[in-house]
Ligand SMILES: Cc1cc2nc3c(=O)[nH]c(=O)nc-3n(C[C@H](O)[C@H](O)[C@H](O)COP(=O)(O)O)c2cc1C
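What follows is a single chain, given as structure tokens, in the form predicted alone.
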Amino acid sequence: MARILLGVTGGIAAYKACEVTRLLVKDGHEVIPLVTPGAERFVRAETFAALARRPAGEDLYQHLTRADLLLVAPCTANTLAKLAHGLADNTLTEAALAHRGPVLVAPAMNPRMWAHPATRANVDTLRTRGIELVGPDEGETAEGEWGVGRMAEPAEIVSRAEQLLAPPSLAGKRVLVTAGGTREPVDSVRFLGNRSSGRMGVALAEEARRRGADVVLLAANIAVPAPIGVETIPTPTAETMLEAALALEDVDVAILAAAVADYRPAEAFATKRPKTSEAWTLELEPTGDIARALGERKRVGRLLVLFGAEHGEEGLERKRRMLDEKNADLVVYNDVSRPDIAFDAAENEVVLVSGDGERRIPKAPKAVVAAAILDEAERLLAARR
């Protein structure tokens, strides 16, 4: 199994790192705890050494040993800043500079600290370097505030660590992902659009890249940063997205997660239409059907994954028909009647519909749901081989 450097930093969430240690050891990994002085105010280093089953009198320079993964859980705002700026004032931050391999960080801090521009800049810096983040989650913090800042649960952290340690299962594959919501111009100022943020599509693109795929993201007005290491093509309208998708003929997997407008104004004004006291009637015409177009042109061996945002059981029935109607291999049904998993939510809950049956993915962060969707896509690819 893998050798993992586990950094534990100061904060009440340090107690959860005990469970992270236990789960990693249970899975057969060698865990080397790197406990900062701040963390020892909450949990003694000896506790982690015992949970990790480390021998007494161990080498003082274990933090400089080669490891398969560096995991920091919890990661305070202070340590996050140190990692971003290359400071090395304790064994953990020294290990971060010496480590060559994947890094997974589980932030934990007050919601106002997480939202501060300095923290946001530090997060962007780490992501630019390819460092993965899991969490933080939304909830009540130790001081009684509510917001985003709670450390992700140990099981989620360990699951993400296992994913990072897994072999690149999509190496050699080219994956197309669409994300966001298209905007169809009404005039030079106004448009018809939707509330899709692109979070789900970006999570899918990130996960496919992590699995070794060559990923192209067609981004329609996404409200979240484009993933690092992914070729991103802006496609603001249904027409530009259709043209770009048809031009990418060499993809092995196409995942259409974008919310593409079904209709657009039949005639858009070149300038802004001034407001008057009269009613304004718009004539709408259908946009091109990207899913149908790719389904009709699907070559042997290509996998087509479609998303469908609908309401309730009737919506699910319509998504079932998409398998045949649009020559799809997998349809992901998202019930947008629920505000907790609808547009721009941090979590999702979906039903995977394929020719083999249906499987519900329980409510979870979108990165976790993305991993489950790609697991199913890989299963379908393997079945074809």
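Numbering starts at 1 and follows the sequence shown. Note that the structure is a prediction, hence the values are computed from the model and not measured.
One more form of this protein exists, namely the form predicted in complex with this ligand; it is left out here, but the text below deals with it.
S.K.: Thr178, Thr240 and Met241: each with a heavy atom within 4.5 Å of this ligand in the predicted bound form?
M.R.: Not a single residue of the candidate spot has a heavy atom within 4.5 Å of this ligand in the predicted bound form.
S.K.: Does this ligand get within 4.5 angstroms of any non-hydrogen atom of Asn194 in the predicted bound form?
M.R.: Taking the distances in the predicted bound form, the answer for Asn194 is no, it never comes within 4.5 Å of this ligand.
S.K.: Does at least one non-hydrogen atom of Asn78 fall within 4.5 angstroms of this ligand in the predicted bound form?
M.R.: Judged by the heavy-atom cut-off of 4.5 Å, Asn78 is in contact with this ligand in the predicted bound form.
S.K.: Is it the case that Arg211, even though its partner is missing from this view, gets within 4.5 Å of this ligand in the predicted bound form, heavy atoms only?
M.R.: Result no; Arg211 lies far from this ligand in the predicted bound form.
S.K.: Any of the heavy atoms of Thr36 lying within 4.5 Å of this ligand in the predicted bound form?
M.R.: Result yes; Thr36 sits at the interface with this ligand in the predicted bound form.
S.K.: Can you pick the one in Ala205, Ala108, Leu71, Ile255 that has a heavy atom within 4.5 Å of this ligand in the predicted bound form?
M.R.: Selected residue: Ala108.
S.K.: Which listed residue (Lys82, Arg174, Arg302, Arg183) meets the criterion of a heavy atom within 4.5 Å of this ligand in the predicted bound form?
M.R.: Comparing distances to this ligand in the predicted bound form, the residue within 4.5 Å is Lys82.
S.K.: Only one of 39-47, 61-69, 332-340, 352-360 gets a heavy atom within 4.5 Å of this ligand in the predicted bound form; which is it?
M.R.: Looking at the partner contacts, the answer comes out as 39-47.
S.K.: Just to make sure I understand: among 1-36, which residues lie within 4.5 Å of this ligand in the predicted bound form, judging by heavy atoms?
M.R.: Read in sequence order, the residues that approach this ligand (within 4.5 Å, in the predicted bound form) are Thr9, Gly10, Gly11, Ile12, Thr36.
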